[in-house]
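One chain comes next, on its own, written out as structure tokens in the form predicted alone.
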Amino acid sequence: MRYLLTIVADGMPEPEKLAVLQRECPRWVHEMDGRGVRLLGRELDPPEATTTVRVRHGETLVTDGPFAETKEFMAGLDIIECANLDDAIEVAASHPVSWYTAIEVRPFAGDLHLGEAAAAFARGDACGEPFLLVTWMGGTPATPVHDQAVADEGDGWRRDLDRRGLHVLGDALGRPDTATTVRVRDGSTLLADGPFVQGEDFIASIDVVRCQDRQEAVELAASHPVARHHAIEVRPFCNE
């Protein structure tokens, strides 16, 4: 089963912690890649670079900044493949980030396909400018989270982007109650049920698209069927 590891941050780490992360994170990546557990991962730009997109009554509404106004935020992601949740939690607990902040572990709802475009994205090869589209749901207006019609529309949106050569990877995530947030403190693994962001709103899906620029990414977000009811974050990736 494939899982999304959401790398959580709450600002720039203190110099001592930063030094540990800079030393230990590459070691973790090398180990997980070698074991065939980690399929890909990338760091995101800071949340200030985020744009939030909504579509209401046919009009695209664009605001600067992330959807959720919280201290903790998504700083990056890793996609891993494990036999079960226990194994995925063990992998997350071995990630150095879990020693200082948290990592959310959540399964993908469907069969996440990772083709050559995803492999090129993982390598950082030129394939247009990549953006992460984060779909937020919940709250109001009320739309069934896993309504089949909504899921079918989302699949159709992905197929259209595939045909246009713009979709890199993405799928719906499991329900919020399938998420586990992992922290490691003083050598003990601490688990909390649910996503790292508490509240009515939650991340329902992720997609990586490749675009000419941010404006095209915003247009793709606005074309997502969920944008008519909820919100889509447009997040640029860090240039490595």
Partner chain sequence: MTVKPDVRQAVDAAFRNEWGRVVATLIHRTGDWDLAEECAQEAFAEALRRWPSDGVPHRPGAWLTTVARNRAIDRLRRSERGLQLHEQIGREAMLDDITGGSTPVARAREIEDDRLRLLFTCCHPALSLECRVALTLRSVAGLSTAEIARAFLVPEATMAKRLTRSKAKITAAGIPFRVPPAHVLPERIDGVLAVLYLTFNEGYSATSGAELIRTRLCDEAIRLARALHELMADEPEVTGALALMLLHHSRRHARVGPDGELVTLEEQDRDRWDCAEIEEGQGLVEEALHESRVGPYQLQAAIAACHAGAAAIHDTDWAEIAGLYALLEDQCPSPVVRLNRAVAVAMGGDIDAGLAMVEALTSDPRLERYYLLEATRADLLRRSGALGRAQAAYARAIPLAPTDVERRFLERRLAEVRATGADESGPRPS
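Note that the structure is a prediction, hence the values are computed from the model and not measured. Numbering follows the first chain given and starts at 1.
Absent from the display: the form predicted in complex with its partner chain. The rest refers to it.
Exercise for review: Could you spot which one of D193, D213, E48, E59 gets a heavy atom to within 4.5 Å of its partner chain in the predicted bound form?
Suggested key: Selected option: D193.
Practice item. Could you work out which of D177, E69, E200, D64 is the residue within 4.5 angstroms of its partner chain in the predicted bound form, going by heavy atoms? Key: Here the answer is residue option D177.
Check your understanding: Is G154 one of the residues lying within 4.5 Å of its partner chain in the predicted bound form, judged by heavy atom distances?
Key -> No.
Check your understanding: Is L161 close enough to touch its partner chain in the predicted bound form, meaning at least one heavy atom pair within 4.5 Å?
Key -> Output for L161 is no: heavy atoms all beyond 4.5 Å of its partner chain.
Review point. Does its partner chain come within 4.5 Å of any heavy atom of E90 in the predicted bound form?
Key: Heavy-atom contact with its partner chain at 4.5 Å: present for E90.
Point to revise | 4.5 angstroms heavy atom contact with its partner chain in the predicted bound form for G170 | key: Because no heavy atom of G170 falls inside 4.5 Å of its partner chain in the predicted bound form, the answer is no.
Point to revise | One stretch from 114-122, 128-136, 82-90, 162-170 that, in the predicted bound form, holds residues within 4.5 Å of its partner chain by heavy atom | key: This holds for exactly one stretch, 82-90.
Exercise for review: Residue by residue through 101-117, tell me which have a non-hydrogen atom within 4.5 angstroms of its partner chain in the predicted bound form.
Suggested key: The one in contact is P107.
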